[in-house]
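Shown below, as structure tokens, is a lone chain in the form predicted alone; questions about how it binds or moves come after it.
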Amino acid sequence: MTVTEHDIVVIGGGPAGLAAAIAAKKSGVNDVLILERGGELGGILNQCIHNGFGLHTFGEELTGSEYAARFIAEAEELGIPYKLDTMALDITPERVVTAVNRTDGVMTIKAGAVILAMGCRERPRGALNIAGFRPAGIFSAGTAQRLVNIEGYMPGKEVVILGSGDIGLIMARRMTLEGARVKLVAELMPYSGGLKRNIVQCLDDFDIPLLLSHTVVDIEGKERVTAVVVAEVDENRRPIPGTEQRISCDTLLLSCGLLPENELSQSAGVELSPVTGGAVVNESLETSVGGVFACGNVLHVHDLVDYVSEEAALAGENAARYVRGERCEGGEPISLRAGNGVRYTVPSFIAPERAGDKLTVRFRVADVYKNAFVCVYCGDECVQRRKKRVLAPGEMEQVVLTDRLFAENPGLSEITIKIETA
């Protein structure tokens, strides 16, 4: 077993890991190592051949693979080393990483700081409790995307999609363009979980129906899917008897949510949020374990990769400060509370002394709101109130807290972000 030491170890070589490593290197830490379990850097972006990436970061529209290529090129130009086909097995609270690959065998890496950037995975069929056998033709939307875009295989010809997350919406369009017939997209909730632009460009433009408050209650077929039964659900998300409709198809794609990959985080003793499944972090994106930072979809699921890169760069910069011993000591942290209509906030705690001139707080709402207000309260006083024409769970929101706010509210213990209607 080889034992090595590195200033910063980044777990994951996708968009978050690349941005974090680049930011750490630019912040003056030369000894940065990326561990990537796949055979190439870039993560999930390599199979995203559709455009819509990079508008915030580069000011132009790129495909996912083009977006990833720019970060890969920058990482290589900076000389950041990485190990591919390398699985991180364990992280201790003392930041000792155990990893394995074919070349080095089992490795023990002592890190000055660890950045968690493992991304997320799709919720499988087993978590959905859908009745029926286990026939061929059932895929997660991300698996289908890889089959079509990377492997060159078509999963099927007549398709039903369960879940209206962004991957499912994009695959509705992709399957249609490849000659399949997408019969419908069923969504359990009374609203879509994807971006509005994807609903328009991927469903409306191709006349693919979206059935809200519907779910799949049965899958027919033993060797191969032959049909699914879709039913309407009530306000408790339970199927309504008598609303069933049988849809013949040979393929069912599941786009029913993403789960942050936090098994490694748990082994390190990191506190996880019961809402997001990601780590509970402070203003520096540092977890409850000192020197362990989290960013990207392993922290909370993002809608835009541009925000992933922005967030990961902050994690890389703060990890560099931690390693160099340059971070100032924070006082009593301010708790960030998710109030009415807000599901969670990232971060969860703020040390104003380390927050800088401005701090971006990201969150998602719990329902669809029209002509509502995003409000920030310091105690009982509303210090920010911004009107939004539409708020939806599928789109991430954010507020910016400035150093002036903290200066004007000394001794503050809690900030609440809530949604108010007129």
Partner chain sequence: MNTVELTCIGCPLGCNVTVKTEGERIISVSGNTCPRGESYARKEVTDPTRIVTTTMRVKGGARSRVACKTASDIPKGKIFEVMREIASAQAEAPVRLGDVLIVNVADTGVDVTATSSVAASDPQ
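Numbering follows the first chain given and starts at 1. Keep in mind that this is a model prediction, so the values were computed, not measured.
We do not show the form predicted in complex with its partner chain, though everything after this point is about it.
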Quick one: Y82, E261 and E353 and its partner chain in the predicted complex, is every residue within 4.5 Å by at least one heavy atom? no
Pick the stretch from 373-381, 23-31, 353-361, 387-395 whose residues have a heavy atom within 4.5 Å of its partner chain in the predicted complex. 387-395
Of R121, K222, R197, K157, which one comes within 4.5 Å of its partner chain in the predicted complex, counting heavy atoms only? R197
Just one of T98, N282, S273, T176 has a heavy atom within 4.5 angstroms of its partner chain in the predicted complex, so which one? T176
Using a 4.5 angstroms cut-off on non-hydrogen atoms, would Y191 count as touching its partner chain in the predicted complex? no
Quick one: is D90 in contact with its partner chain in the predicted complex, heavy atoms, 4.5 Å cut-off? no
Report yes if any heavy atom of D367 sits within 4.5 Å of a heavy atom of its partner chain in the predicted complex; otherwise report no. no
Exercise: A69 in contact with its partner chain in the predicted complex, heavy atom 4.5 Å: yes
Residues within stretch 150-168 having a non-hydrogen atom within 4.5 Å of its partner chain in the predicted complex: I150, E151, G152
